[in-house]
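Below you'll find only one chain, the form predicted on its own, shown as structure tokens.
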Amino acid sequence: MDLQIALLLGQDGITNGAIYALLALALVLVFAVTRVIFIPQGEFVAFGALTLASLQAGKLPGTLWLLLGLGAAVALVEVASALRDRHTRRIPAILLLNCVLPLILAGLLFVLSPANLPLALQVVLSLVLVVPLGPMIYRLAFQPIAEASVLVLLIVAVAVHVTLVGLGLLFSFTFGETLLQGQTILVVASSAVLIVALYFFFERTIHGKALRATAMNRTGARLMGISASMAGKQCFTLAALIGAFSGVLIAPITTIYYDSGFLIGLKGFVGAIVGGLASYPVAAAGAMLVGLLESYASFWASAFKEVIVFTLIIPVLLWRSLKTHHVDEEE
């Protein structure tokens, strides 16, 4: 390996690491606030990339039907809850948010020709289609069992992952390479901007501080008037936004399928594990390490690059196991 090859591999590693860093931050955020190890995080990457691909090909993306279906299911659950609690005034807002707005979006996509839209508008439409899936999934799958143990939440997360992969394969669409100048620089720069924006969100805004308070002490946050359910929906919305945005970034430089998200998300999870599912900077650094390790491993032993990357978890878990004082979850 000469210096030029090393630099090229380093560039690829940093590009992949920037995406994994975003996913690691999303995983740490979701776990800190809701205690959910969000296995389906990678699905949002695949959905974001392939939704953009479908729009550029002039086709209706399958995520539109998923949005309409989940919106109807959430509306049904919320309306039933409002009727049970005698909060009938909430029903029009529930129907507007979960049914009417998705239907308006569907109508626009039917009328417009997505392939002829500017790239920036296609990206916005992709995010609008994918991001609402995050809070909808939280409302249907996780909010009813928010107080369950971490193991139960993990099992449900795996079930959600399998369901999303199955649904994704129903509207599978292959997206090949598209040449965009400076895409690597765009990926790194956009990831850095989003990470800085997340820092200011958590440090300077009321909603960010509310999420931090919920992450530190759910009971204390509730006593201070912070809704744990709202915090869960907000962090799932952010996770979906990060995942979909990551998918949009990598769409032009890789081939994505609707079942590709698991492996991508798992590499972000390795970075999150390095950070102990608690530290955002360490998780981001761990994700960058994963990207570089994957890139150089693909040169030296491409057949074993996934094994090499995931083996990184073992020494980290051993070190944390020896360092951390173990207590029962109830304590």
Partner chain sequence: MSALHEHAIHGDRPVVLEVRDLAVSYGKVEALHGIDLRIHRGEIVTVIGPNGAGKTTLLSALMGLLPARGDIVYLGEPQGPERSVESLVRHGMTLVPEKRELFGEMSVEDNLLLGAFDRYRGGHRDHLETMDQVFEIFPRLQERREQLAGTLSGGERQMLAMGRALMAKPRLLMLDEPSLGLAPLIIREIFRIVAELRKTGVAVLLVEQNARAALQVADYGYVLETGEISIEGPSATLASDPRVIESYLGLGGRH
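Residue numbers count along the first chain shown, from 1. Being a predicted model, the structure only gives us computed values, none of them experimental.
Below, we refer to the form predicted in complex with its partner chain, which is not included among the displayed structures.
Is Gly220 close enough to touch its partner chain in the model of the complex, meaning at least one heavy atom pair within 4.5 Å? Close contact exists here: in the model of the complex, Gly220 approaches its partner chain to within 4.5 Å, heavy atoms only.
Does Leu241 reach its partner chain in the model of the complex if we count a contact as any heavy atom within 4.5 Å? Flag for Leu241 set to no.
Check whether Val128 has any heavy atom within 4.5 Å of a heavy atom of its partner chain in the model of the complex, and answer yes or no. It does not: once its partner chain is placed as it appears in the model of the complex, Val128 has no heavy atom within 4.5 Å of it.
With the partner left out here, check for me: in the model of the complex, does some heavy atom of Ala192 sit within 4.5 Å of its partner chain? It does not: once its partner chain is placed as it appears in the model of the complex, Ala192 has no heavy atom within 4.5 Å of it.
Of the residues Val100, Met230, Val150, Leu121, which one places a heavy atom within 4.5 Å of its partner chain in the model of the complex? Selected option: Met230.
Using a 4.5 Å cut on heavy atoms, which of Ala93, Leu140, Ala115, Met216 is close to its partner chain in the model of the complex? Checked against the cut-off, the match is Met216.
If contact means a heavy atom within 4.5 Å, which one of 202-210, 242-250, 128-136, 102-110 is the stretch that engages its partner chain in the model of the complex? Residues of 202-210 come within 4.5 Å of the partner.
If we check its partner chain in the model of the complex, which of the residues in 39-58 reach within 4.5 angstroms of it by a non-hydrogen atom? None of them.
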